[in-house]
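Only one chain is included here, represented as structure tokens and corresponding to the form predicted alone.
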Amino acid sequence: MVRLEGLRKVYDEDVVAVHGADLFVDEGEFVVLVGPSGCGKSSMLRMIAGLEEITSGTLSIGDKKVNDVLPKDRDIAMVFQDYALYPHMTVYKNMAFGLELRKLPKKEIRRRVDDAAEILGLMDVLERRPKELSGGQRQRVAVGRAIVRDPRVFLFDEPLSNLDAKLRVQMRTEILNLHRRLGTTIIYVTHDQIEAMTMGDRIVVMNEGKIEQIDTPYELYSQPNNRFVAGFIGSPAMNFLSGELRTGRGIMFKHADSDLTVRVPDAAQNYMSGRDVMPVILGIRPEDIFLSDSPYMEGQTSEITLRIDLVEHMGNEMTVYGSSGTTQLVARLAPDARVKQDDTVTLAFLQNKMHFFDAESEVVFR
């Protein structure tokens, strides 16, 4: 288990990288830290590894507080973004080097390296040097060097960012299979939300040094806590429309830029604090928008007229970019939808898929 309690990192006395983070990672869990560049995810990982000093708070691995424990004594293994392989050493020597420093018997080193190489498909390249390997093979060697240590916790710092798209997908699968086989706790940092969604048992979404939400991929996607999480998770990103809640015959959302009017759940009354009008933001994902004459839209009244600015044909779907006044909107339509650039179309929203956020705090209405 890894436990962070009020973990804080400050650089140069006034640059706060991590604001009092609380996180509990269960034994054998695969947890992903995700967020934009500069959000503090790598600083948090480096504090867990012992590569950055903890400003305040408590870090425990298992039942032991490790704030002042040296990295080599924390029983963790880290895989870096740039592989960090020794160019003059063979694959075997790169994987065995850490074990040799710990003065393990040669037979034990050979057994561990061979086992890791077998798992990662590296048996045929053990005598090659890093310059003779592909990017994917170098990444496997870096993972293998971590495996041979048989650590309690694996730490991955954006390990796939230097690979091309096809290799990233392949390595994601290999890392997941490795986790299932070894059952070791993994804390994985990435800026790629697709990586996070496909790999993590739970995901920690970070922004400006703060944890915004910790949840399963499905809950993050379907029940975001705030506008940042809603906009960060999902590709293309969620659409946001500014407007107002108004009371009358029920509570209605009125879009500021169009004639779009949507009836919202009566529970929203709890957030209006007796006001007749309240500024809010409506969020709707591109896949929950359809042409108004689609059979999915029967009984839906949330229509908006859009001028199509761009159409992307993806084969299995069509991504449409359009505008209504100053509002930009993205929709995923069926691949055979008869729309083209410069068309004016009427779209409708699935009303049970809408999210409403307070315009000031940007917290979702539940």
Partner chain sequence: MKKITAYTALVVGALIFAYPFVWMLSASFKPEYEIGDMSLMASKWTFASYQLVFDTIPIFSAFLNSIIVSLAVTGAVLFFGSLAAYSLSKLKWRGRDTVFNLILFTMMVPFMVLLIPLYTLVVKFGWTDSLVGLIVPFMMNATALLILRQSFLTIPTSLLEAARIDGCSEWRILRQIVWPLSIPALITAGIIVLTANWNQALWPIMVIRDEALMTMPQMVLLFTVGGGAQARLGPQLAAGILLALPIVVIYLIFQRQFISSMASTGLKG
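Residue numbers count along the first chain shown, from 1. The term rigid core refers to the maximal set of C-alpha atoms that superpose within 1.5 Å between the two forms. Keep in mind that what you see is a predicted model, and the values were worked out from it rather than measured.
Below, we refer to the form predicted in complex with the partner chain, which is not included among the displayed structures.
**Q** Can you work out whether residue 149 and the partner chain are in contact in the predicted bound form, taking contact to mean some heavy atom pair no more than 4.5 Å apart?
**A** Within the cut-off, so yes.
**Q** Quick check on residue 87: any heavy atom within 4.5 Å of the partner chain in the predicted bound form?
**A** Residue 87: contacts the partner chain in the predicted bound form.
**Q** Can you check whether residue 145 is within 4.5 Å of the partner chain in the predicted bound form, heavy atom basis?
**A** Residue 145 belongs to the contact set for the partner chain.
**Q** If we define contact as a non-hydrogen atom of the residue within 4.5 angstroms of the partner, is residue 71 a contact of the partner chain in the predicted bound form?
**A** Yes, residue 71 sits close enough to the partner chain in the predicted bound form that at least one of its heavy atoms falls within 4.5 Å.
**Q** Counting only heavy atoms and a 4.5 Å cut-off, does the partner chain in the predicted bound form sit next to every one of 321, 330 and 350?
**A** Answer is no for this spot.
**Q** So which stretch, 75-83, 185-193, 135-143, 225-233, is the one near the partner chain in the predicted bound form (non-hydrogen atoms, 4.5 Å)?
**A** Stretch 75-83 is the one.
**Q** Looking at 279, 98, 121, 250, which is the one with a non-hydrogen atom within 4.5 Å of the partner chain in the predicted bound form?
**A** When the partner chain is considered in the predicted bound form, the option within 4.5 Å is 98.
**Q** Out of 106, 131, 275, 102, which one falls within 4.5 Å of the partner chain in the predicted bound form, going by heavy atoms?
**A** Checked against the cut-off, the match is 102.
**Q** So, superposing on the core, is the move of residue 183 at the CA at least 2 angstroms between the shown form and the other one?
**A** It does not reach a 2 Å shift.
**Q** Please check if residue 102 moves between the shown form and the other one, taking a CA shift of 2 Å or more relative to the superposed core as movement.
**A** Passes the 2 Å threshold, so yes.
**Q** For a quick test of reading the superposition: does residue 89 move by 2 Å or more at the CA between the shown form and the other one, rigid core aligned?
**A** Yes, because once the rigid core is superposed, the C-alpha of residue 89 moves 2 Å or more between the shown form and the other one.
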